[in-house]
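Only one chain is shown below, in structure tokens, and it's the form predicted on its own.
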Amino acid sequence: MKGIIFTEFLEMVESRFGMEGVDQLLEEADLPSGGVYTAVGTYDFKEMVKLLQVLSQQVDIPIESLLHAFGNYLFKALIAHYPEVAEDFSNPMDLLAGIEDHIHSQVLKLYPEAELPSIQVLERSDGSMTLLYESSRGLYRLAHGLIESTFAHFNASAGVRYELLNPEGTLVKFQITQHAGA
């Protein structure tokens, strides 16, 4: 997993629980990396799982809720670091439809070893879209938060529902309905 995910996760933890919260998390997680990450490095996904498990226990928030909150946080951070990602799009639906061909293809040019989820548009109409999320990591709640923040970025809003197509959450269908006037 790319280091920027780890660095942004720890920044979210710091923004919500302070530097002491980060220190407690890293101490209790006792990670092979020592919790030292660079944005361009690549790290074992198991470390993110451990960070989520420990933080969930420390703050009594379910892992799924932490992932959703992190998705909301991560979108804003990625846009701050890479504003050009959204510049080619005039609305959230177009950005979501362009994840695979535009955004993920650019990420893979920079980081060929990156393991990205597959996001496929199954259906699209004026105000709705159905996406198929597929990832061996099962971070669909992170994707859920990213989708919601995509709409917020464009000063729009949408209802986002998801259906797990397998118990592991590695294959998930998202139904997105943009709110009228948004």
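Numbers follow the displayed sequence, beginning with 1. The model shown is predicted, which means the values in this text are computed figures rather than measured ones.
Only in words, not in the display: the form predicted in complex with protoporphyrin IX containing FE (HEM), which the text now covers.
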Using heavy atoms and a 4.5 Å limit, would one call G35 a contact residue for protoporphyrin IX containing FE (HEM) in the model of the complex?
no
Given that protoporphyrin IX containing FE (HEM) is not shown alongside this chain, does L116 nevertheless sit within 4.5 Å of it in the model of the complex, heavy atom to heavy atom?
yes
Non-hydrogen atom contact L146 with protoporphyrin IX containing FE (HEM) in the model of the complex at 4.5 angstroms
yes
Is F75 part of the interface with protoporphyrin IX containing FE (HEM) in the model of the complex - any heavy atom within 4.5 Å?
yes
Pick from 57 to 65, 138 to 146, 122 to 130, 24 to 32: which stretch has non-hydrogen atoms within 4.5 Å of protoporphyrin IX containing FE (HEM) in the model of the complex?
138 to 146
Across 93 to 117, which residues bring a heavy atom to within 4.5 Å of protoporphyrin IX containing FE (HEM) in the model of the complex?
L95, L96, I99, I103, H104, V107, A114, E115, L116, P117
